[in-house]
Each structure stands twice: as structure tokens, then as C-alpha cells.
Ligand SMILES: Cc1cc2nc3c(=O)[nH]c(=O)nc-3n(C[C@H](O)[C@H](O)[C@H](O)COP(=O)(O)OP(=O)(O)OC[C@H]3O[C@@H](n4cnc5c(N)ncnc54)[C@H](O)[C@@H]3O)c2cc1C
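The chain below stands alone and is given as C-alpha cells, in the form predicted on its own.
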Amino acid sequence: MEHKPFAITLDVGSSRANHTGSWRSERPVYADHLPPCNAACPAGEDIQGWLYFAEEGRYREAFDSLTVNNPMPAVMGRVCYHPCETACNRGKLDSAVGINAVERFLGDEAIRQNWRFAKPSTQTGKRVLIVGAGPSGLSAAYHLARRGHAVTIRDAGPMPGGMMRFGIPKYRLPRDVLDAEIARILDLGVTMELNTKVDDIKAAMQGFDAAFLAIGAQLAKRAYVPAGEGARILDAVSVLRSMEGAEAPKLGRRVVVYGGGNTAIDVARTARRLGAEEALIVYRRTRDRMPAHDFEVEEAVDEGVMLKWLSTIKHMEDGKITVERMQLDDKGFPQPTGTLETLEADSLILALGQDVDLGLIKDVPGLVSERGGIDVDPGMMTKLPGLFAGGDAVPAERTVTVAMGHGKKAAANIDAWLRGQIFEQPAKHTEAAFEKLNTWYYTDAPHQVRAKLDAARRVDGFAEVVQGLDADTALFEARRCLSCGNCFECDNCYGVCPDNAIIKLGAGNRYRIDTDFCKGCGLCAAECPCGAIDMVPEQI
């Protein structure tokens, strides 16, 4: 008798012998969430995206990813007030990722390695005029040029950069860094016309298909200060602008600055570097209500700048300033007390903010906002078809980062308008919450502090105060990113699933959940380090 072999058919994995999908009340779903750093960036950077490359030491790819949105990382790594770090979830664990420091490293590395932008393969034949060579204008020029449009920038100044050059001191932003990043943008084929003031925007637009106003806010606000004939009263904008000239301004031995913003801090620190033995900031309110950033105030104090709170200037004459003491009312507004004090001063510098010069649009009705500046719609276009505006010229927070974001947004809308389309902003994912992270997997990793020039050496000149990271510290800092809300294929879900319901799809493709065998226990979501798995109600 012939015996046939005995055959047994086995299911793969004993835990998969029975379908368990019907047991679920919730199912896990892989999801992408918006990292809070990305959400807080006014320039719209994909911070988590470029940090992913940086933490692997792939710096050129990180630079390419970063500059999709921001063409000037070496500048922004120095002057941005990094709201991304305020929003960073890691700040709730130990300290925020030094995003700004890594950005600066990438920008500096790009300058050192002479990395350039890829030029567009085709040209659209459309011509765009940009008025103003500041951050918003340069950003718009970059994004439009990369889309294949011919861009011409006209600026009234002798050098490009706007307030980055004429408002930010060299100890914060070295000019060789600024020049290098501007040159990289111009290398895309952007035409720069300096010493070319535009007085009539409608006339200037002739021969162009669209225009972008990025004229900034470069007129100093004035305040009436009664003064005698010998009083020397200057404005902060003029003082800082004059620092780009051949001869530095003479401010005297004792300088008083009136104001409480970052410009007041900058001009007081500049006065110290110009030889002032005393630089005193007079501000009407208290330190906690001062609009200047804390770290700038601290650096100024380190350099010997003094501050006088709750005070206002009443009069200046013959080397003396009369100051009145103020007190805050129950609504936080300063009120006079009648108590006077006399200060000695060789010069008084007013740092009370800036206004926009709107002379070039005076013949175009409906362009001026009720809040001051130029009125624009959500797509950055004014009421004159084809004329867009952004940066400090429109009502918004006045920072380099916001201006960069305006330039990018305006370029996207200009490009769509030139093509007869309407730009649609892509929908955003829900924000990645700290509570969704499993921080058990992360060890303490201290924030890498950037070195600073010794305070005693700072006032001797305009050498850069804050230093950058090197390759090793930049790599360490980038690796502190928690990848909030987005899977980075750590295999945790694959390893902890009791039902073998997680299927790996290969490098870069993440995972799939076999819903026939997933019981919906939620262990994968609980153990996900970055909160990239949501538990959603099962639909019956």
C-alpha cells in the first residue's frame, strides 16, 4: 500500500489564527500632524523637514529643503526672534531645540561651500517689478525667479538689503553675510537697480505684468520735545543708517535714547561702540511692558547700557534733559506724577517707531489702510489689479521673518495671477500636541548654547557678538528634534503590537495596519514617540 505524505497548512503566526477586527471600538490610524515649530514660523518654513536632513548630517539636503521657503538662512539665523523655539514641544521636556542656531549653521555652511540655487529650466516671459530691496522684496524676487519670471528690483538706496543693512547693526548682522545671501538671489537672474527711487507706481509699472511694493517703514516717527537752540536731537533710524556711510556719527560722551523697542536697544548699543561713556534708555513704562526682546535687553545691560523706567522726556536744553517720573494707572497706561529730574546728555536719540513713505501711491485711490500703510487682500494684492504689497509697508508685525513670509506669500499669489489662476493655500494638518508624545523614549540632551563675545570686548568695535555652532554641535542640536506628529519609522508600533497587525512597507514608506487582526487596544498609539498614530472611533 502506497503512503502519501501528510500535509499540514499553518497560518502565519499563531496570534493571527483568528480574525479579531470585529472586537474594536476604536482603530489606530497613521496621521501627519503640524509640528508647532512649523506652525509658529512667520516665513512658513518646514522646520521639521529640514531638521530631518540635518540630524543625519546631510547638510546640503537640509539647506535645499530649508531654502524652498526661506532664501536667506544665514541672515535669519542671526536676526530672527525664533518664535518657533517658543512653540517647540521640547521646551516642555527640557529646553527647546536650537532651531535658529542650526539654521544659521546651514546658512554659514552654504556661504563657505558656495552652494547656489538651481535656476529654473524654463522662463514664463512675464516681467515683475519689485520696489524695495529689503527682506520682503528679496524674498519675493527669489520665489518669483525660481518660478521662471523675469524680476527687476528697484531701490532708492545705494546698497541692497533695506533695514537689514540700514537698521540692524553689524554686531548682529555682519555685512559680508548679508551680501553673500543677496548675491545668491541675484545669481538667479534677478536685476537690481539701485539709487532708483520710484515716485509714481502706476508709471513705474508700465512694461511690467505685475508689481510688488516692499518699501518698508523707513521714516522715523517724531515726537515734540521742547528744546533750546543748543539741543542735539536725532532719530534712531538716521543714526543707524549713517553707520553705513564713510563717517560714523558723533553722538558725544553722554547719550540718552528715548523709546523701548529693539531699535532703541540697537542704537544705545551702537552709541557705546561709538565711544559714549554713558548710554541711557528712557522708557515710559516698566521692563515687563517693554517691546524689546529680553535677550537683547540683557546683552545691552552687559555692555553697560543703562535703563530708566517709568520716565518721559519733557525738555532738552544746553546739555541737560528734564525727565518726568510716571506711574501706571489701573489699566497699565503711564500717567505723569509731576516729579521732575535733570539728566546730563550730549545728544538725545528718539527711537519711537517708523512710518511708511506712501508718496509713490498718492495718485492711486483706495490703497491706504485705515491702520496706516498699504491695504491688501488675503492674497497680498491691493485694489489696483496686478499691484501687490508686503513687509513693513502693510499692517502687520514688523520683523525680518514676517517680511520674508510676506514676500513668499506674495510671490505665490503673483505667480497664480500671472497665470490667470487663484492661489489656494494648502490645507494644514492639526497641530501636534505635547500630550500626544511619548517622552519616555527621549533622554536628557542639553541645549547647545551659542558662545558670545566677552562683554568687555564688544564695545571696542562692531565684531559679531553671538557666535555660531560648529558641525558637531549643530548635529547634536538637530538630533534633539522630537519629530512631533510625524512618523520617522522607529519601529516602536511594529515591535509592541500584540497581534502582529503592523506591516512594514519598506524604508520611507512607513507602515500599514492589518485591520483584520488589530483589536484596537491602542498600545501602538500609546507607545508612538512622536504622536503620529490617532485612535479614531470605529464606524459601525
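As the structure is a prediction and not an experimental result, all values here were calculated from the model. When you see a residue number, it is the position in the sequence shown, counting from 1.
The form predicted in complex with this ligand exists for this protein as well; it is not shown, and the discussion that follows is about that form.
In summary, among the residues N438, S369, T399, T322, the only one with a non-hydrogen atom within 4.5 Å of this ligand in the model of the complex is T399. Between this ligand and the residues A214, I349, V102, I414, the one pair within 4.5 Å by heavy atoms in the model of the complex involves A214. In the model of the complex, no heavy atom of A140 sits within 4.5 Å of this ligand. Contact annotation for V198: at least one heavy atom lies within 4.5 Å of this ligand in the model of the complex. Of the heavy atoms in L240, some are within 4.5 Å of this ligand in the model of the complex. The closest non-hydrogen atom of P334 lies beyond 4.5 Å of this ligand in the model of the complex. Partner contact region in the model of the complex: 352 to 360, out of 109 to 117, 419 to 427, 352 to 360, 460 to 468, criterion any non-hydrogen atom within 4.5 Å of this ligand. Annotation for 117 to 144: interface residues with this ligand in the model of the complex are V131, G132, A133, G134, P135, S136, G137 [heavy atom within 4.5 Å].
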